[in-house]
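First, one chain by itself in structure tokens, the form predicted alone.
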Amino acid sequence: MDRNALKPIIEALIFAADHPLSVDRLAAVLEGEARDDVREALRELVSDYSSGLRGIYIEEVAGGYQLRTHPGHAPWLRRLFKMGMQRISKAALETLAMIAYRQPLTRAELEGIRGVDSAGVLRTLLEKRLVRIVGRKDEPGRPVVYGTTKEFLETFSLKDLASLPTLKEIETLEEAPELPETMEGYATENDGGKTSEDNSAGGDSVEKEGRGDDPSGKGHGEPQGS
């Protein structure tokens, strides 16, 4: 198929998908088309969207490609959907950062770093599909271990976990838990004088940039392992 004919088909597939589509997935749908041709058509499509003034663009995220609205247009989209800005507490963001960098991580290991009970905040992150149970540790009691999801990668616009800032770029988590730069923009609601234990009680919501379940964008992730 001619590349100019491939591009609108790929565009339609990415638009219709509820999660990022990889090159392999696109090639599987486009039976008979060479993977390299699909990749090149996709590259041109991404370039087309990045040129000129557009309200949407195609981003490589969570192992695939997804159509997203420009973050700068979020205020108008929130008006359209009559939704306020959603936020995540400092305690939840701190816990999420620790899991992202040190996964797989048990609750006991997490609480050993944070120094507080983390049951509530873990429940919140599980409900938001930002973390998931990835297995059990081979030790007495067989405690469950937690890891991040594809939803986590989508929410923070990461291609993969390797896209996180390196540990050399942040302070050691054991000494003073610092939020990775990638995540800092999402901790927009302060704790109002509460302790981490108060914030662990749950009820946090997540500010999502460029996604469909928040009016700042399109696309829904799946609670799959990263």
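All residue numbers refer to positions in the sequence shown, first residue = 1. Remember, it's a predicted structure, so these values are computed and weren't measured experimentally.
Quick note: we don't show the form predicted together with another copy of the chain, though the next part is all about it.
Evaluate D36 for contact with another copy of the chain in the predicted complex, applying a 4.5 angstroms cut-off between non-hydrogen atoms, and reply yes or no.
No - in the predicted complex, heavy atoms of D36 and another copy of the chain never come within 4.5 Å of each other.
Tell me, yes or no, whether R43 is in contact with another copy of the chain in the predicted complex, where a contact means a heavy atom of each within 4.5 Å.
Contact with another copy of the chain, no.
Is I133 close enough to another copy of the chain in the predicted complex to count, meaning some heavy atom within 4.5 Å?
Close contact exists here: in the predicted complex, I133 approaches another copy of the chain to within 4.5 Å, heavy atoms only.
Please check if A108 has a heavy atom lying within 4.5 Å of any heavy atom of another copy of the chain in the predicted complex.
Looking in the predicted complex, residue contacts with another copy of the chain do not include A108, since no heavy atom lies within 4.5 Å.
Who in 56 to 75 is close to another copy of the chain in the predicted complex, meaning a heavy atom within 4.5 Å?
Heavy-atom contacts to another copy of the chain in the predicted complex: I56, A62, G63, L67, R68, T69, H73.
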